[in-house]
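Starting off, we have a lone chain in the form predicted alone, written out as structure tokens.
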Amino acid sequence: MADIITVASLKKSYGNHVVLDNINIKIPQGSVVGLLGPNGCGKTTLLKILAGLIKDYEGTVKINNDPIGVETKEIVAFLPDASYLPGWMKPTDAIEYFADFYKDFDKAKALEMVNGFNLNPKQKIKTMSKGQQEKLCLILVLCRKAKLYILDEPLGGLDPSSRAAVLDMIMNNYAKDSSVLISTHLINDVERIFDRVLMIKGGQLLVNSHVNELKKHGKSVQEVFLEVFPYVW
């Protein structure tokens, strides 16, 4: 199977601070991949590079065998770690905006999912809770027929009872034969959906493994994470 993501000798610095140091990754198409690591390890920077939001880096980054650019942005659906929608918008406004902006956006599906998650389609976004805003942003992303979905902390603002439902929403609604890259701290909640895991520490990739390989040693993803990052707790 072809690789959806290819990263070779990637380095990114902010001044003298090296955020990503010689990162090499190949992810096959059709994978659900967890990107794990403590705050400040470079996860969000890597995701923004893949999404085409950061361009000043060293090394090679390709998606679907194309360098980052117009072609890759057309097939990548990116969910940042904070809501980017104007507060005056309502869900119906946001849906119309995405329908105008993305030719692969499924407007009917988005409206159906808004109702399915009990969001008021006429409520102003600024009056929604953080969890409601995150659900709306996730719906907008998942209603694109993208080849790669990049999700930065999609469960961060949700209460425990909502996380399972949102995970099911992710797994049941992303386009078939596509790939999902999820950055998260909530490993216990999410690891059941992973095919592969990447773990970054100090800007370096320490783990790049299929989940089945980790489980051969009788360990969960959470247990491996605690071995790699014992100081986090």
Partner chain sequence: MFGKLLKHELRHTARYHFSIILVSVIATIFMGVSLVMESEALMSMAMLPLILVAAAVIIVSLVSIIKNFYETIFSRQGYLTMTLPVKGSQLLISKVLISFFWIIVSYIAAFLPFVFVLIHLKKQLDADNMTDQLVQEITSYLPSTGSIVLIVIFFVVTSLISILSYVSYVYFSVTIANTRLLNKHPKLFGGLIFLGVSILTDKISDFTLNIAPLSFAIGEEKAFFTFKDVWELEGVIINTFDVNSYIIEAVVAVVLLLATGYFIENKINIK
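Not measured: the values here are computed from a predicted model. Positions refer to the first chain, counted from 1.
Although it is not shown, the form predicted in complex with its partner chain is what the next lines describe.
Here the chain stands by itself, but in the model of the complex one stretch of 44-52, 26-34, 196-204, 181-189, 44-52, has heavy atoms within 4.5 Å of its partner chain.
The closest heavy atom approach of residue 163 to its partner chain in the model of the complex falls outside 4.5 Å. Its partner chain is not shown here, and in the model of the complex it never comes within 4.5 Å of any heavy atom of residue 111. When contacts are judged by a 4.5 Å heavy atom cut-off, residue 133 does not count as touching its partner chain in the model of the complex. Looking at residue 58, you'd find every heavy atom of it more than 4.5 angstroms from its partner chain in the model of the complex. For the partner-free chain shown, 70, 73, 74, 78, 80, 81 of 67-81 come within 4.5 angstroms of its partner chain in the model of the complex, judged by any non-hydrogen atom.
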